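Below, in structure tokens: the form predicted on its own, a single chain.
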């Protein structure tokens, strides 16, 4: 809050406190959703999602650790394309089972990150059959291969994999962020990420990463207390 957002000591301390409080509320909201509770959801850019769902080809949906992304699974769903979400594979079996039960009704399949990289074959299979794949793109997970980018005025490392997967098939990509706007209200922000599919592969990866980081920076500046990265993010 102080170094990257430029806040004074008091505002930085208050913002950090709010950040932790909101994170706790989001965790409670997740369990409430598993129990069947529904929230008021505003969707900004739904036409981008609907347009891609209507096409034959699959597409990538990139996410970040902002707000409550899991809520998108209850809102952005379609009978025409299965939604495949890459998730952390080390959660408790009871949590995984409950989440899978709730998501199954919305045509959502969870792909757990595995040490043997089996999840990469599942992702490739889903995209080859025209499905949707959701990938977190703001945190190194399962691989140390990264790409460096300027984020909020300093160098940070982002995972190479999501951008490589998208450019390998020249897929269309959208960024989806879900922010809490009230006690029972959320807002889903959908933004297309543009890159030149005719450029050399490495350049495509850089362009797509730049587009994602730019959108992430925009949303973090609007909702600075809802970005939940509790570790040394910048180099």
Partner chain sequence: MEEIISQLKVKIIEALNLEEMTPESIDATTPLFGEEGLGLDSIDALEIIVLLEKNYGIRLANAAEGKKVFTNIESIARYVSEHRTK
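Positions refer to the first chain, counted from 1. All figures in this text were calculated on a predicted structure; none of them were measured in a lab.
The next section is about a form of this same protein that is not shown, the form predicted in complex with its partner chain.
Undergrad: Which is the contacting stretch out of 179-187, 61-69, 43-51, 197-205, given heavy atoms within 4.5 Å of its partner chain in the model of the complex?
TA: In the other structure, the partner sits against 197-205.
Undergrad: Is there a heavy atom of residue 128 lying 4.5 Å or less from a heavy atom of its partner chain in the model of the complex?
TA: Result yes; residue 128 sits at the interface with its partner chain in the model of the complex.
Undergrad: Is residue 171 near its partner chain? Define near as a heavy atom within 4.5 Å, in the model of the complex.
TA: No, residue 171 sits far enough from its partner chain in the model of the complex that none of its heavy atoms falls within 4.5 Å.
Undergrad: So, residue 124 and its partner chain: in the model of the complex, are they within 4.5 Å at any heavy atom pair?
TA: Because a heavy atom of residue 124 falls inside 4.5 Å of its partner chain in the model of the complex, the answer is yes.
Undergrad: Hey, in the model of the complex, is residue 145 touching its partner chain, heavy atoms inside 4.5 Å?
TA: Yes, residue 145 lies within 4.5 Å of its partner chain in the model of the complex.
Undergrad: In the model of the complex, which of the listed residues (152, 77, 110, 120) lies with a heavy atom within 4.5 Å of its partner chain?
TA: By the 4.5 Å heavy-atom cutoff, the listed residue in contact is 120.
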